[in-house]
Structures are given as C-alpha cells and as structure tokens.
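One chain follows as structure tokens, the form predicted on its own.
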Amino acid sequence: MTHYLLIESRDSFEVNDVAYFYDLASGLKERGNTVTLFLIQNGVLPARKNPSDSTLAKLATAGVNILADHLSLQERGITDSALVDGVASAELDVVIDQMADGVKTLWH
C-alpha cells in the first residue's frame, strides 16, 4: 500500500480538469492506497456545503482523507462549520510533513 498526497489548488467550478484529479484520488483509494487530498488556494471553494455538488462528500465516504488549508479558508471567509462533512481544516504543515516523510505527492 502506498500513501499519496494530492494537492488541489484550483476551483472545480472554474477549471474542468479538477474532476479528473478527484477521480484519480478515488481510483487510488479503490486500489487500496492511503490517499490525502489537500485543498489549497481556490481549491478550497468546493469544500463549502453545496447541495448540488456532493463530490467531496463521496470521496470522504470512500475513505479519502480530505483536508482544506486553514489560511486559504480564512482568506475566502469560509468557516469550519461551512465545510462539507468529511472535510477538515488543516495547516500547511501537514503537506510539509508528508513530503518530508517521502509520501508520493502530486500538485494540481
């Protein structure tokens, strides 16, 4: 089993290929890997509760660990209570620590 860290910095409502990155996270998890999806910059925007888009909730239910950069959330006025169930606020240190530990990292 391999641990993957996928970092998404773009908004899925603005850029079409973000869905591909979410699919990659799902596929890696389905193959028995440990997957963390770290949302940063505009990538945190889809983490807001939205009844018309349950993509992140489905990923979380499937076992993908989804974290949203605390500073990016603050800059966009998104509170922890406004996050989709299964998405947690986290500091950027998580990325640094995982990269230092040799986790396979992809930044999109």
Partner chain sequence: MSKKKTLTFCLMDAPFENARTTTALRLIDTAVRRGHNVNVFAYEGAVGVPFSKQSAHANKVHGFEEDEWNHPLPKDWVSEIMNHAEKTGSKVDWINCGLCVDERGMNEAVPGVRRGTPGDLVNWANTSDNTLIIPTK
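Values in this document were obtained by computation on a predicted structure and should not be read as measured data. Residue numbers count along the first chain shown, from 1.
The same protein also exists as the form predicted in complex with the partner chain; that form is not shown, yet it is the one meant from here on.
The partner chain in the model of the complex is approached by residue 97, whose closest heavy atom lies within 4.5 angstroms of it. The partner chain in the model of the complex is approached by residue 92, whose closest heavy atom lies within 4.5 angstroms of it. Using a 4.5 angstroms limit between non-hydrogen atoms, residue 40 touches the partner chain in the model of the complex.
Interface membership of residue 105, defined by any non-hydrogen atom within 4.5 Å of the partner chain in the model of the complex, is confirmed. With the partner omitted here, the stretch from 79-87, 66-74, 29-37, 53-61 that lies within 4.5 Å of the partner chain by heavy atoms in the model of the complex is 66-74. In the model of the complex, the residues of 1-20 lying within 4.5 Å of the partner chain by at least one heavy atom are, in order, 7, 10.
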